[in-house]
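In the form predicted alone, a lone chain appears below as structure tokens.
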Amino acid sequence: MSFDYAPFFRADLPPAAVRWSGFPEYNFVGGHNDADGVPVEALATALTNVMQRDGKRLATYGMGYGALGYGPLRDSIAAMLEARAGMATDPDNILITTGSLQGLDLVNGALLAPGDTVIVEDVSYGGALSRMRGLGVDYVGITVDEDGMRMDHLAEVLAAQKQNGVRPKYIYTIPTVQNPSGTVLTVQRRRDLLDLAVEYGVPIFEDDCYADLLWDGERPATIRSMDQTGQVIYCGSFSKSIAPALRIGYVVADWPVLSRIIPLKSDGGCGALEQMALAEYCPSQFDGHVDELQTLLRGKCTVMVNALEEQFGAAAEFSAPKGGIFIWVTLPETVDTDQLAKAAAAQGVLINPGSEWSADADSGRRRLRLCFGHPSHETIRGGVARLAEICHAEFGVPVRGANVER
């Protein structure tokens, strides 16, 4: 007989966790990447080399570089940002975080309080939206089209907020390979976004976690690279470009912002081995690795697109993304993807229902996000076929007969 902790738990805790029992047969959720795309041997060699040279730094918190993180990694990130994104960056304006999620939490902790307002894209990262809700923050969604956030709508919302006496705490955007829509904000819209932010005196939080996985077109300049005022806070990550389990991200901001964020990061520092391995690996091997990863992911995306067209036909509306690991799908209005997700999970298919990735949950009820980064080509085909069967059984979509014979 075990002690009953139930009376001692806080009343506002989230639901209890379910014991991990492994991935389902068809897993299309989360930000998992391709297992064969992880540069295992190169990372192992890099870690061995850097440990032999610099391993004694493990004796101190921060490895002798203070709260910002391992110095050689910050140097490497600064060089990569300038070379790959046209963003000249002082390494002392970079804070290493435990994944981009910690970066998001730190920025929120410094800027947000209950009752504040944030501007977001109308479809956006579910983790960002859920955190804002948990903080008691209001958010207003801006329409996203094939070129990213619409500036005419943003201008209308900012004007209306000002008229109502509200000054949003920041504009949150994922401009390059937007999550979940896969769109890329045009360079002109980036300039317009910055101009509007300056006009209304609102910071921008630029989440660029997928930018290295852009395979269609040239990577646009970051919004922060256009910023002359220090108004843009930038966030990046190695979770999608190297491996999610490394849990290494970073925030780039001017010192007046970092100096208020650092005291909130009371974790004793991020994982030292991960920082050391990446610092050794990235300068000579990151570019080649990402080129190979882009090719691998683009191939999987093609398989997912073909599978959706074959199994769902015209019932599934989507645009092939310009990079990344997700496809954002719209189904007929008769489909509720919250219900579909539950039915599919019971049959070994995990999907992200669109309500979790929409500023207006009701507008996402007929949408879903599918991750193609981790499953094999065969698994993608089999999983989409089973999802179509489940969707047909639940909602009569897609119509069987002319489209697919089973």
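All of these numbers come straight from a predicted model, not from anything done at the bench. Numbering starts at 1 and runs along the sequence shown.
The following text describes the form predicted in complex with another copy of the chain, which does not appear among the structures shown.
- At a distance threshold of 4.5 angstroms between non-hydrogen atoms, K300 is out of contact with another copy of the chain in the predicted bound form.
- Proximity of A343 to another copy of the chain in the predicted bound form: non-hydrogen atoms within 4.5 Å are absent; the residue sits far from the partner.
- Although the partner is absent here, L112 sits close enough that one of its heavy atoms falls within 4.5 Å of another copy of the chain in the predicted bound form.
- The shortest heavy atom separation between R366 and another copy of the chain in the predicted bound form exceeds 4.5 Å.
- When contacts are defined as a non-hydrogen atom within 4.5 Å, all of S2, S239 and A272 contact another copy of the chain in the predicted bound form.
- Figure note: of the listed segments 350 to 358, 64 to 72, 376 to 384, 333 to 341, the one touching another copy of the chain in the predicted bound form, with heavy atoms no more than 4.5 Å away, is 64 to 72.
- Shown without its partner, this chain lists G86, G288, G217, P263 as candidates; in the predicted bound form, only P263 has a non-hydrogen atom within 4.5 angstroms of another copy of the chain.
- Put simply, of M80, V140, L196, L101 only one has a heavy atom within 4.5 Å of another copy of the chain in the predicted bound form, and it is L101.
- Within 4.5 angstroms of another copy of the chain in the predicted bound form, the stretch 18 to 41 places a non-hydrogen atom from each of V18, R19, W20, F23, G31, H32, N33, D34, A35, D36, V38, V40, taken in sequence order.
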